[in-house]
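Read the single chain below, which is given as structure tokens and is the form predicted on its own.
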Amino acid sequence: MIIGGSASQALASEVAKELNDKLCTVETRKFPDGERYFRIKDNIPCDEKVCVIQSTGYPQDENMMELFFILDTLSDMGVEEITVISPYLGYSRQERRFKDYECISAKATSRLIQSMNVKSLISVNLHEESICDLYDIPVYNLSAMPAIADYISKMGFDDKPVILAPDKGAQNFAKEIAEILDTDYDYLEKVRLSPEVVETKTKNISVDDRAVVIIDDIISTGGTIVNAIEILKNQGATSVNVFCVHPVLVNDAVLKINAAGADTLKATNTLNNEVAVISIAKTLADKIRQL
């Protein structure tokens, strides 16, 4: 049985359809003082396998608290096998301590999730793979790159585009998509020309007279992407198409990226957003079948 939290109800519906499983009916609302109410309206047998789908992006505290309410309710009902599917797992950017007495937020949330009878966790392109090590239960970090590559393949480029990471840290994403599409990939690198002058350019491949696809896991404010678009346009790219897994996109990021000259801005539906048009429902469903 599939339960969709407020942040992922549309995605939960798609996953249930892919699996031909029952989508539970739930009731959720906010009281005037801001506190949340949650109720499962269907009967769930104790021996039923239940998948709870809830991304915990903005507003993180609210979505995370609702996830805990769902899990605690299922635990009280005696459900023995619960899988949490949080395609975007909030509080996952700090997996270690940088200063004395800092809270390791990823570790804190892992303890809370595991305390509620959860047997496994599924997420998508976690910002750091080491987050998996904070859990004592199986954690499956899925890749959205095949779904994004499939979308790109249907865009009708005249020639195969260059798949480009905005920095070296995202190079593996570009490589994964490029291998699926059988095309070139590269990343942007800063090169110091003098003590005062730093130039950003592609590491190995010229983008002159070629279509470019930028790929990243998370786009938040869009500053890095805006800078990349301007560089690539100046280097002769015929088009610059921007893709990401998690469209956080705060502080007018969509407007800034489009104003910089992006020909396309698309993302997966790990988060609800106007650009979230690439479904990861099949990716999630395929993994659920394996459990």
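One-based numbering along the sequence shown. Since the model is a prediction, treat every value here as computed from it, not as a measurement.
Keep in mind the form predicted in complex with ligand R5P is missing from the figure; the text below concerns it.
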Find out whether any non-hydrogen atom of S120 is located within 4.5 angstroms of ligand R5P in the model of the complex, and reply yes or no. no
With a cut-off of 4.5 Å between heavy atoms, is E81 one of the residues that contacts ligand R5P in the model of the complex? no
Tell me, yes or no, whether R93 is in contact with ligand R5P in the model of the complex, where a contact means a heavy atom of each within 4.5 Å. yes
Even though the partner isn't displayed, in the model of the complex is V212 close enough to ligand R5P, meaning a heavy atom within 4.5 Å? no
With the partner omitted here, the residue among I219, A178, I113, M145 that in the model of the complex has a heavy atom within 4.5 Å of ligand R5P is I219
Which of these residues, S239, N63, N258, T224, gets a heavy atom within 4.5 Å of ligand R5P in the model of the complex? T224
Near ligand R5P in the model of the complex, with a heavy atom at 4.5 Å or closer, the residues from 101-120 are none
